[in-house]
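Presented below, as structure tokens, is a lone chain in the form predicted on its own.
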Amino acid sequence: MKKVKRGGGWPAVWYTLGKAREVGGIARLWKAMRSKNTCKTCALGMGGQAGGMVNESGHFPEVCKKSLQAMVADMQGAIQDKFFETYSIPQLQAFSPRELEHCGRLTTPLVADGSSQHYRPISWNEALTRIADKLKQTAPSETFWYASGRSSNEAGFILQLFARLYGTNHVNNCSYYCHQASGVGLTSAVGVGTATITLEDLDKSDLIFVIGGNPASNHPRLLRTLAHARRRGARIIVINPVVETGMVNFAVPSDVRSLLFGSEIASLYVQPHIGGDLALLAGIAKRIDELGATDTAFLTEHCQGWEAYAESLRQLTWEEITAKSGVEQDTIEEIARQVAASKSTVFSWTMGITHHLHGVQNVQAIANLALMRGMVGREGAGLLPIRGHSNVQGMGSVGVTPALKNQVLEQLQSRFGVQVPSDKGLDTMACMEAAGAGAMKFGFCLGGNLYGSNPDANFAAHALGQLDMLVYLSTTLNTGHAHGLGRETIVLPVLARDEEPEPTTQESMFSFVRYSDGGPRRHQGPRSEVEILAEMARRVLPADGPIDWNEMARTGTIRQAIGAVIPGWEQIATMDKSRREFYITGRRLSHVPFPTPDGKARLHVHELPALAVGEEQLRLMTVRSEGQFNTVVYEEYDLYRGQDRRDVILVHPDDLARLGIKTGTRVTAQSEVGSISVQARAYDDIRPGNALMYYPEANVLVPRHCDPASKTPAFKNVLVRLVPAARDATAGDNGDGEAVELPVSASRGNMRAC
């Protein structure tokens, strides 16, 4: 498959028209996209009361393939009951992630247990009765509650409230597997665990870092902002072991000039080794210090730890920095001079920074660099973790976490007259480990794909398989429904965001709370998440308890509670009347002092990790494709990397030659926890010594090692070795490196554990 020369552009336009045909025409898709609901995909905060395709700055039109893909998936027809009679669970396990997503909408509750190899449709009453009976028979400490970013703030709040009144703090969300390191690192540095800027600040900056990410594929709307920044003269430094097409040149479809001629994105593209970011950031900071470009007055007045950090930089040698980063000193010099010359710098990053055993330290190192130049606490400059899902940040804000902040805990108990558990709740990985050890009996998943988002896929299947009951709330099928099964698994079909009977809210990565109107349901059968959770609480908790769950089933009532309980969210209580969307107070750091106990930011000293790799090993990063959103795969091909299938490992030609492997050869990729049959392909755009595979299929190779501070797994730094393997016909390979068509019940492009 030929790789495109730029991201976006006419291919995106033709793709949009093709998707429109799938759902009955461009007018129908346009109406759906323009409804007053927050975008279902990335966390840029699109839509809301300004209508779909409008960003937080009011710019229209703003649209990307990710939002189109999610909308078209929700506009699918219903899966018929006979589907589950036809396809057994073992057959579903042979489906690729894309095939499962394209089976259609779930519209009736399903149950699978040891008595059958098939899912069986059941009534809502039977499903909820089964769940309630199991919860009444289970100790709260043997249950865990998980939420993805697809759900609303209202659903998240009522989920954690129900779980805590039931008796457990084992409440967590998908951020533990993505940006938890950002929250922990930022809080330790500047006192706020979210972005310190708003979208408008990017329009005022003259230098923007994009570190460890590929927004062109995963957050395409951000590319309009980056393209316009370059057009007005700002510099953009991209740091990534892989040269990503869209981060070099991107054609913004909503900008005629950009659509016709493309827009340059990166003004400087730097390729460290996987795991070399901490050393690279330290090198930039060291050179800033040597140039005398630090903001000494700012550091003295508003920061702690500068003296110790400066001394650590001066003790570092350039030999250590270049060896542990993989970046030449001349390149580091160029970066440092651009930072020194900048008046307003924004540092942004994604999971290439957080998915490491030292992810929190990576984030702290970025904050160190910003603080050295006084680039936090004023307009046009600051720190920006680029979040993946449209409300993952909101889930954390409204309490879907193992531990509530003290003020939230006090307000919650005071507001409702309740006492919540005082024991320590478990994070996501700790819940999985407990399940694997037999210490968990019940799991509840509000959206997402817990199985698909876990490292060590074989262990994930084992751990979930130890549960007596596992409950999923979903709109469509995913790999979790096929592989992540408890002894009894119940799937409850839910409404999409733009089908909700009452308004809901979502929080963007800029801490902007948007208001979604909901809309007419597309299918009979699915229910609102809030309605389901309230009904479960009515069935499980004492009838004479302090909460009126009939009233709490109304999203307006929940917003009143959120406004009273969550600091900075007071305005949500009046949104039903005002329809006024708002920034959460106390998040944007446009001035000092900092929201820390002493009002000062803190710099941190780190030891630089070695780039561990054996002679026959490669450092592997797992990534998403251009036709994918999180664990959801919409297309098997990857247009931007020129790949026509997903069962591949992309390796630099020099490494293939060193290992004696020809491009197109079938190999077994092996790590300390698993192995998988893939096709090795030469890929010039990756830094030698490193490799790339697609997530979530490659999760079978990812160990369960976590950053000790954030409990985030190291999806971006896995040591693997490649062993030539016999041709595997079941993988869809005809021996010439070309994909062949397989039946729908077979694995087309699907990776298999060996």
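Position 1 is the first residue in the sequence shown; the rest follow in order. Here the structure is a predicted model, which means the values were calculated and not measured.
There is another form of this protein, the form predicted in complex with a small molecule, and it is not shown here; the text below is about that form.
**Student:** C39: heavy atom within 4.5 Å of the small molecule in the model of the complex?
**Tutor:** It does not: once the small molecule is placed as it appears in the model of the complex, C39 has no heavy atom within 4.5 Å of it.
**Student:** Using the partner position in the model of the complex, report whether R514 sits within 4.5 Å of the small molecule, counting heavy atoms only.
**Tutor:** Contact check for R514: no, nothing within 4.5 Å of the small molecule in the model of the complex.
**Student:** Please tell me whether any heavy atom belonging to G352 falls inside 4.5 Å of a heavy atom of the small molecule, as the geometry stands in the model of the complex.
**Tutor:** Answer yes; at least one heavy atom of G352 falls within 4.5 Å of the small molecule in the model of the complex.
**Student:** Would V651 count as a contact of the small molecule in the model of the complex, using a 4.5 angstroms cut-off between non-hydrogen atoms?
**Tutor:** No.
**Student:** At 4.5 Å by heavy atoms, is each residue in L226, T245 and P503 next to the small molecule in the model of the complex?
**Tutor:** Not a single residue of the candidate spot has a heavy atom within 4.5 Å of the small molecule in the model of the complex.
**Student:** Select from the listed residues N172, S397, N240, S508 the one whose heavy atoms reach within 4.5 Å of the small molecule in the model of the complex.
**Tutor:** Checking each option against the small molecule in the model of the complex, the one that comes within 4.5 Å is N240.
**Student:** Going by heavy atom distances of 4.5 angstroms or less, which of Q160, N214, T345, N153 would be at the interface with the small molecule in the model of the complex?
**Tutor:** Only one option qualifies, and that one is N214.
**Student:** Pick from 651-659, 557-565, 515-523, 628-636: which stretch has a heavy atom within 4.5 Å of the small molecule in the model of the complex?
**Tutor:** This holds for exactly one stretch, 628-636.
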